[in-house]
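Presented below, as structure tokens, is a lone chain in the form predicted alone.
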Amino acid sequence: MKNLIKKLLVATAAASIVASAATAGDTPKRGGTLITALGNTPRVLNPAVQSGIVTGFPGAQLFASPLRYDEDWTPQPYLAKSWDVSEDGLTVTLNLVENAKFHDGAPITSEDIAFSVDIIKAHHPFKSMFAPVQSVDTPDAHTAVLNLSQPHPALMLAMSGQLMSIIPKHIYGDGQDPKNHPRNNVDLVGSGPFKLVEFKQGEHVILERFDDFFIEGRPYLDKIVMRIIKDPQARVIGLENGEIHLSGFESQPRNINRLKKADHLTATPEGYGAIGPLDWLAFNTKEGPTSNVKVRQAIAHAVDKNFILKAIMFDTAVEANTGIHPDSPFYNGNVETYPLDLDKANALLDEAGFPKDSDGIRFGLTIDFGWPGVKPQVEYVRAALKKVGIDVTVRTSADFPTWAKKMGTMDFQMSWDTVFNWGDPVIGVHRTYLTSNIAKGVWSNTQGYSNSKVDEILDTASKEKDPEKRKALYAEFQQIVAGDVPIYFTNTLPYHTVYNNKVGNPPLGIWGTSSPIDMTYLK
């Protein structure tokens, strides 16, 4: 029955995608140049070897993935016209479209699927995405069979967006290092709806329609110009005066609220559910006062989440109570929370054995941060904790790598972090809580958090095929972590897509601009 339902979904997917585009506004029309903005310069344009949102936007246009997802978290055909998951969950068969070509005219075959999986497993930062894939069989040019060591429900999301870019074996299989391959940024041969015209570091990425794209009539746009504009204020001005049509991942609250006032612009937080950006206060659970759960709970009670949402985020973000993004189907907001209560915070600190001295101080802590944008949150935490007798010293790192080293070596007591879910919890959530992942780099388990029950639940959830059972497992996981407080979760990062109202069908699915925009058009 499950396979039958899935095949029916696949059969009707193309029609539903076209319908959603048609209902988004005017009838889509072909032509025009879309002017967009990138907030930084991509290191490389090849998402098979590089994560990150500045690689994701151009990368998802240059390279196609087997699947794409709609706004309801339902997989849709893309390079794979259909797929089949075996009853035991140990094989996933991709049936590829038969007319797909790379930008140099070479056909896209199952050999390229197998090759891309190998490259991603070896070189992509999110190795857990494809860790259970032991091999890929290629019985014919348009069939790829992924053989798994265990059921891996995260694989479906891992085959969409920027996470599984299909790269050409005949280009990247030449023995050179894929991460530093000379064709990553120059003379790039992709598989997606747009091909590279020019990538000029610090200035722009220019793409144009690939006329032999495998979906007839797509993409609608003739060209995309991605201007690299690091200054948020310059992007705001460009959007206001019409020089920029679209900018994704805008996150500065004052700018977002300013742009919402422009009649010709729309600023929306829709489309970031799979990216899953969260802000949180992380604790070192192995050493010092923060190794005591009562201290962590007390700190949570002393930090006013509503102040952060209103006075710092200016109502552009929403509350997050767990490490899973509220837009995820696995989110469970019904967990223990820590409303502002200074009496409760003081009582917990007393119980933890940290009385106030004659100056009203219990102990000192440090708080680190890695980028200027979160300094207001850090300074607020310092002021808030002083009210309960904790003397906080703010440590500003010289640059992001310096901060990252502190996190990776657990040389911190508290830190304000921004972390992404990256689709399925297996990809972007598990890394923060598994005992086996303690202090193995930035945004791994740098808190040193260890709970054998959590390890067991996450292991089971990573293999559970039934969506409802997985949801129940993740609900329990979130409840346990909320009580242990290795992290105090505060809010979503207020990513917004801002676009001129002449832009039709902007990218508002779960991957934002890290998804293909072959259906975006200019009215």
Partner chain sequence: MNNTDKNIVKARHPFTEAFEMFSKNIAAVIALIVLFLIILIAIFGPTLYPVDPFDMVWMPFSPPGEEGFIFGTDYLGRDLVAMIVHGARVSIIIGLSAAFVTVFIGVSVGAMAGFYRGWVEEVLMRITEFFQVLPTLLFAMVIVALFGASLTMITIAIGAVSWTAVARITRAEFLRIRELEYVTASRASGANNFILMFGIILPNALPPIIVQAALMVGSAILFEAGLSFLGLTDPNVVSWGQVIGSNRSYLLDASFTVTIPGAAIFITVLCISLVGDGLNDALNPKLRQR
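Residue numbers count along the first chain shown, from 1. Quick caveat: nothing in here was measured; it's all calculated off a predicted structure.
Only in words, not in the display: the form predicted together with the partner chain, which the text now covers.
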Legend entry - Per-stretch contact check against the partner chain in the predicted bound form, the hit in 323-331, 211-219, 89-97, 379-387 (non-hydrogen atom, 4.5 angstroms): 379-387
Inset, instruction - Run the contact test on R43, Q50 and V117 with a 4.5 Å heavy atom cut-off to the partner chain in the predicted bound form and return yes or no. - result: no
Legend entry - Answer option from T268, T396, T409, S82, heavy atom within 4.5 Å of the partner chain in the predicted bound form: T396
Legend entry - Single option in M156, V145, L148, I312 placed near the partner chain in the predicted bound form, where near means a heavy atom within 4.5 Å: I312
Legend entry - the partner chain contact in the predicted bound form: K375, any heavy atom under 4.5 Å: yes
Legend entry - 4.5 Å heavy atom contact, R254 to the partner chain in the predicted bound form: yes
Legend entry - Partner proximity in the predicted bound form: F307 to the partner chain, non-hydrogen atom cutoff 4.5 Å: yes
Legend entry - V392 within 4.5 Å of the partner chain in the predicted bound form, heavy atoms: yes
Inset, instruction - Would you give me the residues of 69-84 that have any heavy atom within 4.5 Å of the partner chain in the predicted bound form, in order from first to last? - result: none
